[in-house]
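What follows is a single chain, given as structure tokens, in the form predicted on its own.
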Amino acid sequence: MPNRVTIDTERTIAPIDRNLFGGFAEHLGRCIYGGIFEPGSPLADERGLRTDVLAALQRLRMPVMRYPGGNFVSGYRWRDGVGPLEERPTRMELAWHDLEPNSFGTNEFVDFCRALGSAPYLAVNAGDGDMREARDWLEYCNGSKDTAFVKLRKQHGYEAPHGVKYWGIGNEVDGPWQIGFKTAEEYARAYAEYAKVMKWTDPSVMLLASAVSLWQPSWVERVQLLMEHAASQIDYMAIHWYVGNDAKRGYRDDDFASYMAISEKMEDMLSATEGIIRAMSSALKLEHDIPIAVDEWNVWYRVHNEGKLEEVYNLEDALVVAMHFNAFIRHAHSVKMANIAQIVNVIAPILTRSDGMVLQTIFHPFEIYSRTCGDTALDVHWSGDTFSTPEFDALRVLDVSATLDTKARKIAVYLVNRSESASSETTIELGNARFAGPVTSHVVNGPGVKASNTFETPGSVGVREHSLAATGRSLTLMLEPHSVTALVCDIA
């Protein structure tokens, strides 16, 4: 059955926030030390930043970067990571059972963000920390008056305020694994008080509430109580999830079709979160919207060894990463930030060693979406071939989203062919426009769904670009099996 994708540029969903393409760096394994930061390496600059990693990350165009955790932040003391290196203490770190030298901290992170072109997003310790520590950190970073913390920042070599806009209050406080786990009521009250003093310190900051990471029935109560206690002080409702092709995370073990059906779980989590926020906003007569930040997400299921977590991704994982971006685009009215976890070595699109790095399979869809995404999400209709799994019947083989660049009059159509073996004949129809020249096709694919990029085989999965002739309102093409295709074209 031919697949048909119909696009009307007047059927829009919402503006797309560039923060959908955010990143996350945690003090875990080799993400910071040996990943971002490796003083003494021939590949590092004078600040100790790996220049090869910086160059690769710049390709991803990440507008926002979350730090320093993650579970790590729930035992973190920010004062340990500022000031002269020889005075910074080494601490036993309980989240990942490691030693933390604190040679990379707040100012090094801000320098890294500036080099990358990303806005820093700091998460404060709401585990074994307190609100005074959080507001002091905010004053150190953003203060301009002649206070003790501003003087301290200047003493450390930073005359101008850092201007950190985004601040998360805690991390995964709903998880029993977290230092300082809190019940729904405990966190809602804590959030309200943290938010109050942080907004008093700097009214311009945007605050993220740590709403859901453990998707059990009580998550609804968590969102509800947060809004009851502090709706006026919540700028984003933050949620986390990880997915995988395994039974441990509640899916069928190593079943390609079921793995491709994970799109339904993502849709469910986003739609349900939107629903409870909307219901509570109506009940509270809230005057501002509360968007969603999926500020930790990725594929993660193979490695669970503490302190390492260096997942080697394959092609099917790249398809799932692409489906995440399709979901975020389709929910652009509510999802205004997303941060892939993480950026280097630890469940990341980049793996390093002392003499170089490799771009993992998931790097490629991230780069394509980030580079080609327009400013407006389009409400696309598509139909065609279907597949079924033990959990779902008649799911569409194609997973689709589309965007419009309103100024350049350019559309981008994103298509994930979830068939393991069959090409998909697909027709793109423009309902109220026509193609104004050739279409550029970007295809992510490899020899099979288990193909991986490693130091030995760095190019197994890559991107091919070619031009397709297109006139009028319709274009028909064949989508390769197990592929991600982005079609970018001018329209008239």
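Start at 1 and count along the sequence shown; that's the residue number. As the structure is a computational prediction, the values presented were derived from the model and not from experiment.
We do not show the form predicted together with alpha-L-arabinofuranose (AHR), though everything after this point is about it.
- The partner is not drawn, yet in the predicted complex one stretch among 350-358, 235-243, 369-377, 330-338 has residues with heavy atoms inside 4.5 Å of alpha-L-arabinofuranose (AHR): 235-243.
- Checking Asp202, Glu108, Glu274, Glu172 for any heavy atom within 4.5 Å of alpha-L-arabinofuranose (AHR) in the predicted complex turns up a single hit: Glu172.
- Just one of Trp219, Tyr166, Trp300, Trp382 comes within 4.5 Å of alpha-L-arabinofuranose (AHR) in the predicted complex, counting any heavy atom, and that one is Trp300.
- For the three marked residues, Asp317, Pro365 and Val443, no heavy atom of any sits within 4.5 Å of alpha-L-arabinofuranose (AHR) in the predicted complex.
- Among residues of the shown chain, Leu28 is one whose heavy atoms approach alpha-L-arabinofuranose (AHR) to within 4.5 Å in the predicted complex.
- By the criterion of a heavy atom within 4.5 Å, Phe149 is excluded from the residues contacting alpha-L-arabinofuranose (AHR) in the predicted complex.
- Using a 4.5 Å cutoff between non-hydrogen atoms, Asn71 counts as a contact of alpha-L-arabinofuranose (AHR) in the predicted complex.
- The closest heavy atom approach of Tyr158 to alpha-L-arabinofuranose (AHR) in the predicted complex falls outside 4.5 Å.
- In the predicted complex, just one residue of 94-123 lies within 4.5 Å of alpha-L-arabinofuranose (AHR) by at least one heavy atom: Trp96.
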